[in-house]
Structures are given as structure tokens and as C-alpha cells.
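The form predicted on its own is given below as one chain in C-alpha cells.
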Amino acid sequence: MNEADTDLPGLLQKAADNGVELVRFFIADACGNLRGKVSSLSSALPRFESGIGLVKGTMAMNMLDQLQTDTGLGAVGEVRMVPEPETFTILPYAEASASVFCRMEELDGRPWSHCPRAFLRRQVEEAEKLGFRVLAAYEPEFILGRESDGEFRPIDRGLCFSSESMHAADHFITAVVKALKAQGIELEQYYPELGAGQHELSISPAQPMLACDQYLLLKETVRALAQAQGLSVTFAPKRSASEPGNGAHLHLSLWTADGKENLFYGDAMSSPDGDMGLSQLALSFIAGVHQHLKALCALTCPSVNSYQRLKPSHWSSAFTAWGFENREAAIRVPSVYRGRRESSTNIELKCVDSTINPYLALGAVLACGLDGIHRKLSPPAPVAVDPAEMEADFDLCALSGLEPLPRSLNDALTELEADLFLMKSLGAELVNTYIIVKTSEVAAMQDDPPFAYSQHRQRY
């Protein structure tokens, strides 16, 4: 639904007819946490035009709720959270609430420099100028269990993809899927993952802003229903050394403006078995992302805990590698589906987890891919083995553009500061605040044991 086509009075009347009393006005902060304020439904209509006030210091809060005043943001200054009506959603897990996502504007109506939605919107507009429609989807993994006597007990200990684990989580997953459908979010796939109590939900690809909104709604739904059923859930990248990590893999493809032709599909390069084919446009997009991968990690793996997950030979990606159906590569080209080769052609970025701000992460990846297209780049040779096996071979590494990804958030932030293209794309005010906020998290957790995340778990 386009904002111009939205019948606001009708929308709010429908909400009232469904028992809604409150509307949650949401923004995602620098760390991807949903923050906002709540309006009564009866007073919501004028707020859709005027917005709701929010102190600028909100975007300078780190995941520990510590304000970073050296950003220049604090108690002085206010912006408006202006709701985007097409995102209005009745929340099936809440007693009498709906939600709406907001953009952040200066008091005079100009987009605020720190607004993640505005950053993503700029990248989408750049793609549209080139005649591209972008489709994207996040695939979040999470671990589900119960807290008992201070101990976390996974909801299941079945095998990966096992029916045993499906049975154990059936009541919860069914409730989640029904709640997602009630919010207009269609499930593509669900399956138990490798770890005890670990599960993954994949939703249908959508245009970028909607893809990010739906990802956040999925996380909110999972958390709310877990709480309602007396369960504990975490999307943390790495809960413990003995458990697999939780990713939030990002899938992307570019289409013609009318959405009828997948521009990533083509015959410029084929997979070794000849079943998958990529266009030159896709290769240039991959090359752009590949060239900026180490800096991108500061936005796609943006927590101290993220780097406990990015380990060699852990199926999470630890090197600047790309390849066909290679789950150790940071950029994976998934296999296509028979009868849907063109429509199912896409790329997957594996070095992504649920500590992201999805708008910043997707916007940055899109900017880098478009940079590759603008510059007509070609990627290095694809990698067909575990990159860790190549690390000692200098010639092979050079041929494949293989380097280790950052090993810590601090290293990733250093890479971001050195990447002039990404720094310029994000904008000085937004990126400098982001780096200060994230650097503060590194300092706050430097004395923590590697997996002492429990006090921060609710942030994940």
C-alpha cells in the first residue's frame, strides 16, 4: 500500500473495530532495538501528520542504554517520529495494540541525518534511477528454551532438520506462523537448525523497506509469543562456545522496474555443474559487495558477540570469499529451483546476524553492490572449497581475493573508518555517531568473558 493511497480514518476505524486502543510508534535505534512511544488510538490521527517528539539523544544510546554524549547528541534537541501509514499493523499477540514504523524528521520536515530509514531510502532511490527493483529477505535463526533454576534448557535436543525437533516446537512455531500471517507476513520455510533448541524462519522476499519492517516484526512476534508461552528466546549470534551461532542471512536480487525479469539471472558465469547462471550485472554487484566486505561487517555483524560466531569452518563465513552453493563463503550463490531458475536466482550474504539495524545493513550492502555495477567490476575467482583450506596458499588467496574477515567489532569499525566509499554513503553525522556508539560497546564489554552475554541477552 502506498502512503498516498492510505485511507487513514478508515484504517484507524478498522483498528478500533478490532479492539485496538493503543498505537506503538516505532523507530530502530543504532543497535537495531525498537524504541518509540505509544499513542492512544483516539488521538493517533493528527499524530500521523505531526509525528511524535523524540529526543535526539535516542540515536546515541548503545545496547546497554548508555548515552554517548561525545556524539553531540544528548538532552538538547528533538526530532519527530513521523509514521508511515502503509506499515500500520494490528499486533495479534498484544491485548489491544497496533504498531507503525516511523521515519525521523527535523522539526521543519527535513529528513534527519541519523534516520536509518532515510539512509535505506536513498539507496533504493539510487537503484530505481538505474531501473532496478530490489528484492530482499532476512533469514533469522534463534534458540528457544526454558529458564529453570537459573539454567537454560533448550526446547529440544533433536537432530538438525529432525521431525523430533519439529514436534517439540510445534505449538510455538504454529502460533508464530499464524501471528505472522495476521500481520501480512508470509512464511517461505521453517526448519529446526543444528543446535539444541535452534530454529529458523524464512519469509518471502520483499522490496527493501518492507523486508526490514517484516524482519523486525518477525523478531517482535517470536519474542512476544515466547514470553506468552513461558519460554525464553535469544537471537544472539553466539550463546556459548559449544552451540552453533545464530545468523540472519540476507538474500538479495535485482529485477527490472516492472518486477518481471530477474536481472541476476544470465549466462556470464555458470556454476561448475552448469545448473546456476549469473548475469554480468550480478557479477558486478557481487564484486562491489566483495570489495567492501570487511568494512560491511561493522554494519552486518555489529556486536561484540558477533565475532564469536564468525569462525573458520563453522558455516558462518570467516573470509572474503564468494562461491556457488558454498556455505563457508561470505557471499553464497544458492542453488536454483527446477522450473523457477530465473525467479529463484539470488545471492546470500552470510556474515549477517540479528544484532543489526536492518535498514543500515541492507542499505550498506545495496550501496556497495551498486558501486560494483557503476564501476563495472568483476569479482575474483569463486571458491569451491572451505576457504580455511586455502589460507596458507598465497597464490590461491590472491586469485580468489581471499582475506580473513575482521576478528572483532573493533577491527570491523577500523575497516569501516578506512572505507571512504561507505563512510560517504552513510553520511558523516550518521556514521560518526554509529562508530562512537559501537566503540562504546567494545569498551564496556572488554573485560567480559567471551560468552558473558546473559546480562545483555534481551538486547539480542
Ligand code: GLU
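Just count from 1 along the sequence shown to find any residue number. Predicted model only: the values in this text are computed from it and were never measured.
Separately, the form predicted in complex with the named molecule exists; it is not shown, and the next lines address it.
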Check whether residue 220 has any heavy atom within 4.5 Å of a heavy atom of the named molecule in the predicted complex, and answer yes or no.
no
Report task. May I ask you to state whether residue 246 is within 4.5 Å of the named molecule in the predicted complex, using heavy atom distances? Result -> yes
Query raised in the report: residue 327 near the named molecule in the predicted complex, any heavy atom under 4.5 Å?
Result: yes
Review point. For residue 350, is any heavy atom within 4.5 Å of the named molecule in the predicted complex, or not?
Key: yes
Checking 300, 306, 198, 99 against the named molecule in the predicted complex, the residue with a non-hydrogen atom inside 4.5 angstroms turns out to be 198
Contact with the named molecule in the predicted complex, heavy atom within 4.5 Å, among 156, 141, 386, 86 goes to 141
Note: the named molecule not shown here; in the predicted complex, the stretch from 113-121, 309-317, 91-99, 212-220 having heavy atoms within 4.5 Å of it is 309-317
